[in-house]
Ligand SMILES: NC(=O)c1ccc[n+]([C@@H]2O[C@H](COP(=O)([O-])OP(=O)(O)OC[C@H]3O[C@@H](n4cnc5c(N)ncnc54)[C@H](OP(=O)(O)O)[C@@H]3O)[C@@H](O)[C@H]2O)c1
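Next up is one chain by itself, shown in structure tokens, the form predicted alone.
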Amino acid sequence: MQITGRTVLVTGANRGLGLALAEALLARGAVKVYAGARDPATLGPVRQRLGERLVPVRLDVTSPDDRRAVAEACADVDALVSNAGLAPAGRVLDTDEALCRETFEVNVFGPLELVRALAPALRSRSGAVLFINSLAGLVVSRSSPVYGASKAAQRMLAMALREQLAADGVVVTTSHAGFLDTEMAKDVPYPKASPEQVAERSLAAWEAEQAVVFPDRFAEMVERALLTRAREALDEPQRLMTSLVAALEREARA
């Protein structure tokens, strides 16, 4: 799959990793990037900087009306980067039902329904989908377990979509990133990867048609641990993650 010549829709594109992905897509030769945001006006300065190939569009992934409007207005889309997400902090029983449901709407049901809306175009053009997931979707998170649960669900759906859409030539890739240096993770005290690095590695894996990518150093450490410490990952995942974070900190200080 080549990004050059593609028309790509990026959700949550007005800041952080979403913005880095939009910029990287244009640099890799996308002819147009539809930048989805709840308030497209926030992309005004970005459009001035990146030019007319970046097209802001209103998109709340949880809104059926927005999804329908985007599918109609962006009929030339042949690739989707599903990046918009919600990451509430707090222990499971301390997170109220409304926030739990909102998290799954943003991270699971909204992205799934957006793919459903775009599926005819993706199939007809042998398109592609990139899901921006998280390590929390693979190993339980102590600080954001509801977020992790939603990302685990997203991963299962992404893998199922990869299998279902393969016959139509649609490439589906999932990127499991670690700690990112973004506004969303401003209070995370651990070493963080830059959004630009994660964007570049994720897009490279997408073009290589990989099923999954671990796009930063901490993600690489978790990937190796899942292969070599599988029993610990299954039985004592929080202990495993604590040890890996400590190793990441030691590496950063070295």
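Numbers follow the displayed sequence, beginning with 1. All figures in this text were calculated on a predicted structure; none of them were measured in a lab.
This next part talks about the form predicted together with the named molecule, which is not shown.
**Q** Residue-level question: is Thr182 within 4.5 Å of the named molecule in the model of the complex, judged on heavy atoms?
**A** Yes - in the model of the complex, heavy atoms of Thr182 and the named molecule come within 4.5 Å of each other.
**Q** May I ask you to check whether Thr174 falls inside a 4.5 Å heavy atom distance of the named molecule in the model of the complex?
**A** No, Thr174 is distant from the partner.
**Q** Just to confirm, Arg15 within 4.5 Å of the named molecule in the model of the complex by heavy atoms?
**A** Taking the distances in the model of the complex, the answer for Arg15 is yes, it comes within 4.5 Å of the named molecule.
**Q** Is Val106 part of the interface with the named molecule in the model of the complex - any heavy atom within 4.5 Å?
**A** Yes, Val106 lies within 4.5 Å of the named molecule in the model of the complex.
**Q** Quick check for you: of 205-213, 27-35, 54-62, 224-232, which stretch puts a non-hydrogen atom within 4.5 Å of the named molecule in the model of the complex?
**A** Looking at the other structure, the answer is 54-62.
**Q** Ok, Ala128, Ala84, Ala158, Val146: which has a heavy atom sitting within 4.5 Å of the named molecule in the model of the complex?
**A** Partner contact (heavy atom, 4.5 Å) among the options: Ala84.
**Q** Within 4.5 Å of the named molecule in the model of the complex, which residues of 118-134 have a heavy atom? Give them in sequence order, or say none.
**A** Contacting residues: Ile132, Asn133, Ser134.
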